[in-house]
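One chain is shown next in structure tokens, namely the form predicted on its own.
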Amino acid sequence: MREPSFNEESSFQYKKGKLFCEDTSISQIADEIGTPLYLYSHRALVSNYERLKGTFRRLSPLICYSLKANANLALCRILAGLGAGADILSGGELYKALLAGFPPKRIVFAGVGKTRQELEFALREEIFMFNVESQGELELLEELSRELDGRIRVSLRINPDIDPETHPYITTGLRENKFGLEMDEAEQLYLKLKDSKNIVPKGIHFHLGSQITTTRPYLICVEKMGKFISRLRGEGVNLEYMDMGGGFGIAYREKESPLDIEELASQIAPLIQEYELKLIMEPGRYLVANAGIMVTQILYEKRRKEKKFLIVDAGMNDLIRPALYGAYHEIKKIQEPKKASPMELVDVVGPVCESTDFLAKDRSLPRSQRGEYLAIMDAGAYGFSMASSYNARLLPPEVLVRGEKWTLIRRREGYSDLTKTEATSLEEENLIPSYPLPFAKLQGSGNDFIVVDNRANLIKDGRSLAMKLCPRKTGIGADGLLLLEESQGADFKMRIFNPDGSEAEMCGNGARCIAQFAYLKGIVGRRCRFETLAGIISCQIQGRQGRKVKIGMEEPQDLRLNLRLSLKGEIYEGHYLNTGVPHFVLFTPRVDQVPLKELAPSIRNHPKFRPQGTNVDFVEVEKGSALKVRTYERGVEEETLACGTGAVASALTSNLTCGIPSPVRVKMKGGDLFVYFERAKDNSFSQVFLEGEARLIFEGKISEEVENA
């Protein structure tokens, strides 16, 4: 089957003079989040997998996606959802494979240098198979199997000494390559395994290399392995699986022919069936290469008599394939060139301080100029996965496109990411580093926060720092300290410390402020997801200046309507629910006349809400279905100008008790908030969103003197 070319069924097409990915304009994404960036098509990824699965359907193969090609969790989750297994080469890839949802029983572990710790990790997870590459590795597995009292399935990787007819740097099946075992050595090991109580020989594995575009090497190797398996069966070693690896080549040049997988399937299927084997394959490049591109922008033009350079903002640190082994990638302009556009011979080079820093040499391209975007095609495989921070350059973001929608699936690095794993101080007990620490002050509807980018883990004690910085007269002054930290399952993690040092689970206005901070600093795009103690929050940044922020709230928990409290001989009836943090909501005809300072602290510490206490909201229903709300906030221990979780609690209870529909306008002293939701017949809520403005007030630096204040 011939791979679709750029101008046929590709997910990357020109529409109305602009290059699109599916139904999304690439230039719009680049304008919004900047370049360089990697961009992937959901449609292409799914199509590639389904094409491969359909072509080999008569063999019902176990298709194990090779994570080394591109291990982005979002892409891996798509493939895991389609039924793929995973081919891994390290403990880190095993960790990501499990996190992405690949079942352990569909994971195979290859690689010449597996460590004891990696093997133990894989054994604990009970993965499907180990592709063993040396006698020493097999002996270590024997030892571990006895220690862990388990049986281990293995294939031995054979080095068949077959020329894959590809680039010498990406061959793996020749005698001079480091991979696998020679057949005589493998035969002796298989015979020894017959008597093993702990190691079960289940298959045979080979991998010829990468970017193979002819079927001949595969056919020769399958025939050779088939005969070897027959000889082993005659000696009492019965193997069940043949793992043929991957390496299926694609067409990087427009007129090239990729590997014909239809022809390959028709050639090897009779042999696999003749030897009564089950097939495993490990494609990587074939699935993701043409599903992804890299977008870069021309920074400068430099002319010499014999040469013209286009200097772009992506370098060999972002895409190393051209520098590493002269790999070719088609380059397309995002703005469709006119048919009569003059061509010119150029070198497309990056900003890295190396002469090998190029994406193309002596390439004929339509005349280009500073500021234009270029698409480096077929960059989905071995692009980001081989990227580095050489020259202290920041790793680019990754974007997934699905139809008319796009999602940031990896944020762009910030400068603090460059030092996040480095020791920043020899004294770990320091609250802040021994040099000024940048911070920002933001406010959302009058709720103000100090925000610090703590992805480098410079702040060791958020509690103590909040108590020093938040007081209005002796510190910077704020309703709380927000720390932006690394997250394994989201774009970032938000930690919230109240002025009294207590850590809160969630704060709606704080969440909107930290989201805008992350957007302004280029950490995320207009859409992001971040972690809180109350769960994962989704967010949209809206408006030209990004000041309107809409966040998805957790569904409310522990709803208790008409809850009666006894305070100093009087009964107060209200409604309790947790919208990320607990709230007690009381409706009143005149909220301005409520003695909040006297009443709220008693409710906040009432025995019914111990030990954590509760926030307290006083709500007046106005004409036009709007609410007027005052909130006493625990941790702050006074009335705040606004409270996002309080606005949500007030809106939801007003819907239940007064029938006020979504969206609800909530008026607070600091400004208006809007709460959106859907209510089910059982009175449960879903699709809860909080919307309002967030503004940067000022930025500054925290000096080391704060530590000793």
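In this text, residue numbers run from 1 along the sequence as written. This one's a predicted model, so the numbers in the text were calculated from it and none came from an experiment.
There is another form of this protein, the form predicted in complex with ligand PLP, and it is not shown here; the text below is about that form.
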query: Any non-hydrogen atom of Phe130 within 4.5 angstroms of ligand PLP in the predicted complex; finding: no
query: Contact label in the predicted complex: Gly246 to ligand PLP, heavy atom within 4.5 Å; finding: yes
query: Ligand PLP contact in the predicted complex: Ser66, any heavy atom under 4.5 Å; finding: yes
query: Contact test in the predicted complex: Asp87 vs ligand PLP, heavy atoms, 4.5 Å; finding: yes
query: Contact stretch among 66-74, 45-53, 641-649, 660-668 - heavy atom within 4.5 Å of ligand PLP in the predicted complex; finding: 66-74
query: Residue among Arg285, Arg634, Lys114, Arg630 with a heavy atom within 4.5 Å of ligand PLP in the predicted complex; finding: Arg285
query: Proximity to ligand PLP in the predicted complex, single hit among Gln443, Thr532, Asn159, Gln211 (heavy atom within 4.5 Å); finding: Gln211
query: Residues within 4.5 Å of ligand PLP in the predicted complex, restricted to 357-393 and counted by heavy atom; finding: Tyr382
